[in-house]
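The chain below stands alone and is given as structure tokens, in the form predicted on its own.
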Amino acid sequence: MPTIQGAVEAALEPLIGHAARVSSAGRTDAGVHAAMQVATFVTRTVRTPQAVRDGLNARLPAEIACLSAEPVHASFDPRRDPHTKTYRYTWLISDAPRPLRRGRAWRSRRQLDVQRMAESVLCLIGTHDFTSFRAAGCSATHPVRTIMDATVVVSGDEVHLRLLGTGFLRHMVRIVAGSVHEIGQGRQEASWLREVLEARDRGRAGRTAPAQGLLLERIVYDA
């Protein structure tokens, strides 16, 4: 299966004259989009940051773009150095399909109770055991993660769930979204999400939301 990493490495090789492995801040599921990703590679070839950016963009497929490039210390590790990530999950509220937003949102034919959804996610803020929102096959050594902010807001005909945290488990945001969707449809009370969190049982949470609604929105590293 084609991957973002594979496409970047293929575009990079003719630019620097040798094969190089790209290391990123994390992997995303198939179908998930990223407005921002951070990745590094090692080379002895001298290229200016602009030459790296423009050279990659000349070779990358249209679905991928290098926004900027800069040299970093050899010790910098985009995955392990302290940083935060912001993920956004989007629901499109519409009776009819919207072809121009296909693959970018989970369409809901009925209105969602956004106030109840927003109330429910407040329990996620803090450091918790997120076993209930952890997919099978997750390779993380432990299920404890820290969420610094969690919101649900309306934006036009869309509803956005945003989670800001220092790290996420496999499918964690999508399972949270699937659970919050249950609350938004009135199938569960807002307090149910806290019960799910405290149960530490994946079987208590909602379905895993479709990948196409998820966006890695932002990555910020400590100074």
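Since this is a predicted model, take the numbers as computed values, not measurements. For every residue, the number given is its place in the sequence shown, counted from 1.
One more form of this protein, predicted together with another copy of the chain, exists but is not displayed; see below.
- Looking at another copy of the chain in the model of the complex, residues His33, Leu67 and Ala96 each place a heavy atom within 4.5 Å of it.
- Note on the interface: of 175 to 183, 162 to 170, 34 to 42, 188 to 196, the segment with non-hydrogen atoms within 4.5 angstroms of another copy of the chain in the model of the complex is 34 to 42.
- Interface residue among His142, Arg80, His73, Arg109 relative to another copy of the chain in the model of the complex, by the heavy atom within 4.5 Å criterion: Arg109.
- The partner is absent here, but in the model of the complex a heavy atom of Leu215, alone among Ile16, Ala205, Ala11, Leu215, sits within 4.5 Å of another copy of the chain.
- In the model of the complex, Asp54 approaches another copy of the chain with a heavy atom inside 4.5 Å.
- Among heavy atoms of Val46, none comes within 4.5 Å of another copy of the chain in the model of the complex.
- When contacts are judged by a 4.5 Å heavy atom cut-off, Leu100 counts as touching another copy of the chain in the model of the complex.
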